[in-house]
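Single chain ahead, by itself, as structure tokens, in the form predicted on its own.
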């Protein structure tokens, strides 16, 4: 308590010294800043933290312009956005993010695979920093806001704090993670997984190729990251390298909008798993081979897709979900019976054991379907099977307190989508802030968050970072 009082007194002295240069109006502003960001009213140093919602000034026009400019780095015509890892457009977008970090006065660095960091040194820079961020890569024909709000919003949150005169004790960092989306190499959250020290991923990246048979390392070198296999471990971070991590994100679901709630406080991120399945049958002419004689790999894939839905619903819990996002048939001609079928399945749950039970049922169904249809189950591979992540209770409380002080109603929520926070939770305490998005749309061009919604999220993030930095 004594240390907190001393920091508050030092903060007051700095701000009132600045204010004395510019007259009484600045003095009043300094008093308000002291109250709002030190955690103590300037007149009494009482422990109650008060904040006026109007004080944190978000440059929303600048932020909206940045969203549009970043969306222009796309391989799809607007309003859709396609920005794939290490593509030319991705490289341009990365340069743009680094320029914004520099404009914000942040010290910019990159690691071997292109995770980008912008740092604002605190008064006690040797302490583990507080971090915030997200990703900017985009799946084909998606929207402008997924991930982007978490990167641009974090930069703007720091700008808000700087404009207010706040000085952090712990350093603040903005992180732009490499390849949260699995578009190019079929692996999600490459940047944050490696930060979390995933040896399994490091080994996988030594072998993966994209659809054009380009390796991860070739793609990285083409984007200006001349890395070698032995360099991947240099990305790993030790546990507690960060004091805390907070990610701002659109909800990607309809709940906040439907309930008219401006802020979601994420309490847990669901446990995701990805499965890759291949069936092999006998091809033939669509007219010449009669139905009883067929060994149709395509129908095996279709039956398995329906089995996924059945097993998910059998769990009896609304938190269990399953999706068949990819079905590929060979040779892919309307008048040819499929001889090969490839299917990719995503299933997730906040309960890891329940999710794993669904995976086992899907595996047993795949075996049974292959036997019944006379086809071969040539592959059933669990590509990843990650555990869920729980938000830090202390960070959750800090986010809730920040929303309350800004007169913003908040709602505890579960995130069922993948986020870099899932893996940052392995390094440090983690929290996430959700804002509403139009009809819950995401991963499509209609994805949208309003100016007011973004402003609310940035303000809550800014105040949360300020509070955490003073711990």
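This is a predicted model, so every value here is computed, not measured. Residue numbers count along the first chain shown, from 1.
Keep in mind that the form predicted in complex with another copy of the chain is missing from the display, and what follows is about it.
Comment: 313 to 321 is the region of 230 to 238, 313 to 321, 112 to 120, 90 to 98 lying near another copy of the chain in the model of the complex, near meaning a non-hydrogen atom within 4.5 Å.
This chain is displayed alone, yet in the model of the complex one of 302, 204, 84, 108 has a heavy atom within 4.5 Å of another copy of the chain; that residue is 302.
For the options 64, 404, 444, 411, the residue carrying a heavy atom within 4.5 angstroms of another copy of the chain in the model of the complex is 444. At the 4.5 Å threshold, heavy atoms of residue 427 stay clear of another copy of the chain in the model of the complex, well away from it.
Although the partner is absent here, residue 72 lies well away from another copy of the chain in the model of the complex, with no heavy atom inside 4.5 Å. With a 4.5 Å cutoff on heavy atoms, residue 181 counts as touching another copy of the chain in the model of the complex. Another copy of the chain is not shown here, and in the model of the complex it never comes within 4.5 Å of any heavy atom of residue 396. For the partner-free chain shown, 333, 334, 335, 336, 337, 338, 344, 345, 346, 348 of 333 to 370 come within 4.5 angstroms of another copy of the chain in the model of the complex, judged by any non-hydrogen atom.
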